[in-house]
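First, one chain by itself: the form predicted alone, in C-alpha cells.
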C-alpha cells in the first residue's frame, strides 16, 4: 500500500468510527485526509472499497500477530491460545468503535457485496486459529471439541461486552461515566475469564 493510499485509509478509520458507513461521505473522507475527492476515487473507486481496505488493514495486523504466535516453538498449544486471546481482547477494545461498525455491517443485508468482502477478509484469521486448535486436537494436547464454536465463544464474548458501554457498566456494577475498555483491570478480567474457559474446555484432565 502506497504512503498516500495508507494515509487516506488511516484518516478514514476515525471518520467511519465516529459517523458510521452511511453517515460518512467521500467528500468528508477526502477532507479528513486533506486530499481531493479525485484522489480517493483513484485509489479506491468507491466508499465501499475504501471500507474494505480499512478492514483489510486491521485484519492484516491481527493475522501477523496470530502467525507470529502460532510459529513460536517455545510456546505450548494452550499458551498460544492464551496469547491469541490477550491479543484479541486488547486489539478489539482498542479499536472498539471501528469494530462495532464492522459488526454492524455483518449483521445488515443492505450491502451484501460489502458484507461478503468483510467475511472474506476476516475469515483467514479465524481459520488460522481453528487450524491451531485442530492441530492440537490431532496431537492429543487438546480434547476433541468443536473448534469453530471455540472461536465463536471467544469472539462472541468480546462482542457482547463491546455491544454497549451502558450495558457493560450496568452488568459489572459501574457508573455510566466509566469506560471499561480503557480499564486495565477490566481488560485483564475479560482475558483471564476467556482463558479459564478455554483451559477447562480444551485441556485434558
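Each form is matched to the other, and the largest set of C-alpha atoms that superpose within 1.5 Å is called the rigid core. Numbering follows the first chain given and starts at 1. Only a predicted model underlies this, so the values are computations on that prediction, with no experimental measurement involved.
Although not depicted, the form predicted together with the DNA is the subject of the following passage.
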Quiz prompt | Proximity to the DNA in the model of the complex (heavy atom, within 4.5 Å), stretch among 174-182, 139-147, 40-48, 55-63 | solution = 40-48
Practice problem: Would you please decide whether residue 24 lies within 4.5 angstroms of the DNA in the model of the complex, comparing each non-hydrogen atom pair? | Solution: yes
Self-check item: residue 199: touches the DNA in the model of the complex, heavy atom cutoff 4.5 angstroms
Solution: no
Quiz prompt | Contact label in the model of the complex: residue 4 to the DNA, heavy atom within 4.5 Å | solution = yes
Quiz item: With the partner left out of view, is residue 36 within 4.5 angstroms of the DNA in the model of the complex by any non-hydrogen atom?
Solution: yes
Exercise. Superpose the two forms on their rigid core, then report whether the C-alpha of residue 188 is displaced by 2 angstroms or more between this form and the one not shown.
Key: no
Practice problem: Return yes or no for residue 46: a CA shift of at least 2 Å between this form and the one not shown, with the rigid core superposed? | Solution: yes
Self-check item: Direction of Cα pair change residue 164-residue 15 in the model of the complex, magnitude 3 angstroms or more
Solution: closer
